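Starting off, we have a lone chain in the form predicted alone, written out as structure tokens.
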Amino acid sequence: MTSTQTALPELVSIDPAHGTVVGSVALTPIEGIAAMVEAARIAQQSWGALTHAQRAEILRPAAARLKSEATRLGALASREMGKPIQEAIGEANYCAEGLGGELDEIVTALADTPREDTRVSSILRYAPLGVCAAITPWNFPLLMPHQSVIPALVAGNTVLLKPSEETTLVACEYAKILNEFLPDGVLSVVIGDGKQGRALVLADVNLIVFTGSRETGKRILGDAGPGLKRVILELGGKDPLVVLDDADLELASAFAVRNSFRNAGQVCVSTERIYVDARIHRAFVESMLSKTRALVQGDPAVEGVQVGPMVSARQKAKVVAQIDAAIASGATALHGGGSDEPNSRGNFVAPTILTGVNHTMDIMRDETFGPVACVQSFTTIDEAVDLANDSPFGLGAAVFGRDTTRASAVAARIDAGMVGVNQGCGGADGCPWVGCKESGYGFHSGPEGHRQFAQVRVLSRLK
């Protein structure tokens, strides 16, 4: 660096479990983002001229590289985000091991599709949109960039990835591996927080893919409106679990504990609201309590730890404030608690089970994104459905009951994009990841989701 050069400000990544510095990287100057977008547009001309299959073959060797780096990437993700080490490594392995099949699925989904009648022959062709801005969250710091970047690239778009400021280092390492195989300028990383993210949204991009909060999603939609930019938004959730009177209590309570407290509740489809038939309410809560007491919370780098910290002090403060307000309004903490919880320290929040809750409380209306399970009883199925649907969110949901025909009928009445019966909300291979109401605007994954990263064109001729 010469005496006339000035070092760029840096983004510093903090380990939420210990408060130590993981590393740092130079922030992207906001005034330089327009030039990055223009460079991506130039690179898109040659990248978009390739076929879907050719682009997939360029990316295919990245699977082996990601696999070889899975332990290192997982360890870095764990340090940056606080996810238990085995889960973080598993996330890296999942991306690597599934890449080949995903590439095949995208190529098939975007293949020319013939349509014809007695007079006209047509072809539906899936063309690139142009430049894609992918803005991704911190809770799955490898999987979320992966699910945005890969379909965008295979569709022929170039990508500017803006990862969360909480987990930038691991996202940069992910992009670095892909860039070992990609032509220059096809994938770039924008480093920063919401200011850089908004500058990217306002820049001359064609597609915005965002995963994050409902409030930020609404701002992005507003900013994208004047240019009629294509937008795919996966937003927040407040997922309900309905436990019917004939449910397998062991199965239902095990799911409730796992899905409420996995990744310290920092999952978009975490179970945050649990509605249990009054006849089995006490037995269900006792079963859930025994399983929660057995959870191991602590340093996410230690094997066997199941629950780590909140990603930041800010996220912890939000969760604790919700718990405190609920208790002040009459809720009871059967396990864990808010600011009075003696075992909470640093950025940790103990897995918390609240009873005595109702829909006048913020904790039953607003997304918590922390290790909190709220349990409320119901007396009729109609009441359970009304409670489950009493939310602006509609991402995932679950219904448990031994009579699967009855449970499926209840599930069909719940306003959510994905509903599981005696399981989580994830569907079979090829299903999209989709929310309804204010949890989603567009969707991704599966053939239908992959096609949202492309522009449909209809080419027709007379027979």
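Being a predicted model, the structure only gives us computed values, none of them experimental. In this text, residue numbers run from 1 along the sequence as written.
This protein has a second form, the form predicted together with a small molecule, left out of what is shown; the following refers to that one.
The stretch among 234-242, 74-82, 181-189, 381-389 whose residues place heavy atoms within 4.5 Å of the small molecule in the predicted complex is 234-242.
Proximity of residue 219 to the small molecule in the predicted complex: non-hydrogen atoms within 4.5 Å are present. Contact check for residue 273: every heavy atom lies farther than 4.5 Å from the small molecule in the predicted complex.
Among heavy atoms of residue 101, none comes within 4.5 Å of the small molecule in the predicted complex. The closest non-hydrogen atom of residue 201 lies within 4.5 Å of the small molecule in the predicted complex. With the partner omitted here, the residue from 255, 284, 369, 348 that has a non-hydrogen atom within 4.5 angstroms of the small molecule in the predicted complex is 369. Checking 139, 322, 297, 292 against the small molecule in the predicted complex, a heavy atom within 4.5 Å turns up for just one residue: 139. Proximity of 174, 430 and 450 to the small molecule in the predicted complex is absent: no residue of the three has a non-hydrogen atom within 4.5 angstroms.
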